[in-house]
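Single chain ahead, by itself, as structure tokens, in the form predicted on its own.
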């Protein structure tokens, strides 16, 4: 009996599951190769950065092939993970972003040759964890994915050896992260203990069973306990997303870490956490028995989104360090993206949810589109910071004065990224934000709080204009001090920032690119709802 069980497990893994896990396997194999290269000193002959970049590119190609061939939804590894277009979208997103980040580190020279095997192993390991977060179909895998993404991130924040600010930021990140992980694990234990399962596709059905009269009202003690567990899990996810009031690690970590690491955490960490957040909340949604509970969560997330984007934008206004300013900008953008999740939950759990399939898909599709645009505009901003740092040895906004006269390509990229981050046409950030605002407006038909959320989002967009333009004013209008270090980028670095800036523009004004991404995002969004319906 036991031997047959083991044989079935081996057969399932080798013949079925590994095919779905191919992109992650390529990254894992690259990590092993990096460590072996370090062990036998091959890294002195072959640059490990090239090996890491090759692994990321192969994973990107594999994920793209999966995206074009995936139809339907399947669980694998005995139901612990799920394969659908939603999870494949995040595989492609994360592997592409990983390749772009590694390319940036090659250009900037961080890490150095001595530390590069360790650094790239951490970078790839964190990416695998984020892929698992977006693919999780079990509460246990939810926790494992978060920890696999978090632990390498702690080390990367403190990777600049000998810098007190970097070490201090890493220590704070570790302590806060450990506390958030403990709270999240306790919440998982409450949910699994009360509902009797860790399978996320069964959570809504089990909630209906434990609820009195089949209605999951907050007056039911069992439902209140599940709601408490869900809130504790949300604490851990809010920490990864740097949502207020769990944002406190973000400014210090971004300022202490290198710009390359800050750029990676600002985008990849957000993507993995939003993928997991959506999958976790959708597992409870769409069933009448839990409509009251999930509507309350949707409104609560809207309140958190309002506070988060307001705090992030106001705090960013007074910053003199560009990385710290971008950290608060990252907090604000997490609030904008959370608006889509809030609107999705309100519509999905309304009495008219059956007639709102297209509108509900549009909420999640807008979020996925926003993430894709955010990849290029935020990475572009951090790339400019990293490249300028290599010449000026400063990350203060004042040191950017007059750079337009020395490095036009770099400044044009920063202009594109900053204007897109505000949400001004014709850049991709405008259309991404418009899609989310449109979804929130539609959700206002089902709860008045969504109109308030929309108004706060618009006001915050106006507020953000001031601190983004302050950076551009410094770069373009101010004169370059006579004693300032010159910033003249080589052709390869100009090409890199030029490509990032071009994608920010094309995602806004090139219909064939924007429409193609919109279709992909919409199909990925629809697949997660189909998977939940099928499993039930």
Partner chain sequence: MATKRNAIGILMGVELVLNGANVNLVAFSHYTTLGIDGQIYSLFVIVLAAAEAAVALAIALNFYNNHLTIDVDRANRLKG
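Residue numbers count along the first chain shown, from 1. Computed from a predicted structure; not experimentally measured.
Below: the form predicted together with its partner chain, not depicted.
- Contact annotation: of the candidates 408, 402, 182, 425, the single residue with a non-hydrogen atom within 4.5 angstroms of its partner chain in the model of the complex is 182.
- Screening 350, 138, 108, 73 for any heavy atom within 4.5 Å of its partner chain in the model of the complex leaves a single hit, 138.
- Picking from 264-272, 151-159, 356-364, 373-381 the stretch near its partner chain in the model of the complex, with a 4.5 Å limit on heavy atoms, gives 151-159.
- Shown alone here, residue 168 lies within 4.5 Å of its partner chain in the model of the complex, counting heavy atoms only.
- Proximity of residue 319 to its partner chain in the model of the complex falls within the 4.5 Å heavy atom cutoff.
- Within 4.5 Å of any heavy atom of its partner chain in the model of the complex lies no heavy atom of residue 92.
- For the chain shown alone, residue 328 is a contact residue for its partner chain in the model of the complex, at least one non-hydrogen atom being within 4.5 angstroms.
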